[in-house]
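The chain below stands alone, shown as structure tokens; this is the form predicted on its own.
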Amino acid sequence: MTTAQVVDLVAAVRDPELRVVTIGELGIVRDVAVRDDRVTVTITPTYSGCPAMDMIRSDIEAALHAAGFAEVAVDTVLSPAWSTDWISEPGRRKLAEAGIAPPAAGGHRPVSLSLTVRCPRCGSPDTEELSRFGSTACKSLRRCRACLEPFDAVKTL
């Protein structure tokens, strides 16, 4: 198996909290190093207390063991911190299609105006935050004032 195939295999692991995207699309895979039958994967959590990291680590190990690798190491690095800018365009599209509002690309730049989160169902910018914490700690719960539907939104820093 080539290094590129191993990278693709790791990147295809589904995120356990945001099942519609892979960890590759979410942008948490930092590096994949292959040496003989040993693979070392480096990942960055979406935030330092993310409870899904143990499951992600386990899923990566399982995928690589199933592919025939005897030795697998999964390292976690916190710096630089993960950014929502690392979510791929296909990942943003899949989140929106699943009813989860993806953050705007480049959302970490300071702005002098109040930005809204568009409703992933009807596209209206007229939404409100109901709770800073949604179905998982990395999402907030919002509601569209136009169609009145609640939806999860990936938090930005």
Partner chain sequence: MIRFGDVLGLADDALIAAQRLGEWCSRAPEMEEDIALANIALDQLGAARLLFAYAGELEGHGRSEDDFAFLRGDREFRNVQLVELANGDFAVTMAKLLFLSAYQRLLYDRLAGGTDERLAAIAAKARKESAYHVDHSSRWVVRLGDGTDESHRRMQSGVDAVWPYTHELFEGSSADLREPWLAEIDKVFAEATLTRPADGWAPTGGRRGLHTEALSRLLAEMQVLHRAHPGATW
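Positions refer to the first chain, counted from 1. Being a predicted model, the structure only gives us computed values, none of them experimental.
Same protein, other form: the form predicted in complex with the partner chain, not shown, and the subject of what follows.
Engineer: Heavy atoms, 4.5 Å, the partner chain in the model of the complex: which of 117 to 125, 66 to 74, 39 to 47, 88 to 96 makes the cut? Say which one.
Structural biologist: One stretch meets the cut-off, namely 39 to 47.
Engineer: Looking at the partner-bound form in the model of the complex, is Leu130 within 4.5 Å of the partner chain by any heavy atom?
Structural biologist: Leu130 belongs to the contact set for the partner chain.
Engineer: Please run the contact check for Gly134 against the partner chain in the model of the complex: heavy atoms, 4.5 angstroms, yes or no?
Structural biologist: Looking in the model of the complex, residue contacts with the partner chain include Gly134, since a heavy atom lies within 4.5 Å.
Engineer: Going through 76 to 100 from first to last, which residues have a non-hydrogen atom within 4.5 Å of the partner chain in the model of the complex?
Structural biologist: Sequence-ordered list: Leu78, Ser79, Ala81, Trp82, Ser83.
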